[in-house]
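Here we start with a single chain on its own, the form predicted alone, put down as structure tokens.
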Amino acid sequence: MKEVRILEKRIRELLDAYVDDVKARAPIKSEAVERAFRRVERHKLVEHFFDYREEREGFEKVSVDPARPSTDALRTIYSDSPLMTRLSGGLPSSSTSQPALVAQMLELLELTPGQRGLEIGAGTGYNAALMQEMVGETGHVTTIDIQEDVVAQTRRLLRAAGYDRIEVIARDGVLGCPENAPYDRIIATVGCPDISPSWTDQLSEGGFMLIPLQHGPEGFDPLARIWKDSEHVLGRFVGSSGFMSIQGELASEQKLSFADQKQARTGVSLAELPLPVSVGIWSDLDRPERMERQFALGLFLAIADERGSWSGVVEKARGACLFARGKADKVEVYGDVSLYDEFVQLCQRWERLGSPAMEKWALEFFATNSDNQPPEGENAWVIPREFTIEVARLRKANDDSSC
């Protein structure tokens, strides 16, 4: 009995320190999110994870007993780190996301008691448990995952942790869950190359979805807040993220996969050249501001050119022009050096447009089978997807439309 009390005290200390750490990084801002983080014990939703070992260039499985977790496992679980919980072909296929990103997305989701939420990508159930804490006993959370073994484990662990009210369903996420609709909030915790028409149909009036919507290469998934307005589906960017890609019908063949991007940076760069935009200002910024500005540029690169992301520009056949690691005012060129000239042109266009930040973009989505044609015009970029056609345009100074 004494050992149990000592373990419970240790877990509480680690949990509180973990929440304090995430809060210090700024993602936790509201009392509702902080309260949820302090109530949900992350270790109770983990039976194993895979720890990457650089010396072996591979993953090592670490088993966890939720009832009696080891000190080493607890230190890893209660850190601001994602945990890989499934591998397929040596690559991660399921995980529990980095807590700072989880907190950021929950803040953006703005859940309140009594609301109904749908999650695409169940993972370990940790995010669903946090959502259930926020919507309370009068609310309801449904989480979907295409992997049946993930669903079986997550359902069992949630029940054991006291979250048996959460519905965990084995299904292709593209279908949503019409039997529990409508939803005030829909969230995806996987990278999505498109939005499903089912999600739009299952939104309640006044509701919105938060989707890591892939732009450019795999893993560049700007967070998009998307809602219905009369006959329109509108959106805006609200944050940055990077996820493993969704499986099932919504999945698409990657023009630039994680492996392609890694390969592009293999070896020694052929040239190290100046970053062509606001070099002096960029160098003087502290890290958070610089990262925000780099994301704003990367977002424009991905919208204006499918080869672009916040890493730079990658073209499988020709090479890459990428932001130099550890150097704020340089880029590294691999392969065809002429890629640098194209990169410069894109950067200069971004500057001519006023170096638009993330919040300057307005999004509209048109069904691919609709008679309505996406409008054309200056400073509007059309991105064709499987189910929708996305139009990204720069908002005018007097445009304050939002959800």
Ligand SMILES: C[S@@+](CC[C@H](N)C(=O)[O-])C[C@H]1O[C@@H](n2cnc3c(N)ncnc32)[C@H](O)[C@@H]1O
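The numbering used is simple: start at 1 and walk along the sequence shown. Given the structure is predicted, the values throughout are model-derived calculations rather than measurements.
Just so it is clear, the following notes concern the form predicted in complex with the ligand, a form of the same protein that is not shown.
- Heavy atoms within 4.5 Å of the ligand in the predicted complex are found in exactly one of 218 to 226, 103 to 111, 146 to 154, 313 to 321, that being 146 to 154.
- Note on the partner interface in the predicted complex: the residue among 214, 309, 97, 132 having a heavy atom within 4.5 angstroms of the ligand is 97.
- The partner is absent here; in the predicted complex, the one residue of 243, 295, 208, 237 having a heavy atom within 4.5 Å of the ligand is 243.
- The shortest heavy atom separation between residue 126 and the ligand in the predicted complex is within 4.5 Å.
- Taking the partner from elsewhere, residue 117 is found to have every heavy atom lying beyond 4.5 Å of the ligand in the predicted complex.
- The closest non-hydrogen atom of residue 190 lies within 4.5 Å of the ligand in the predicted complex.
- The closest non-hydrogen atom of residue 172 lies within 4.5 Å of the ligand in the predicted complex.
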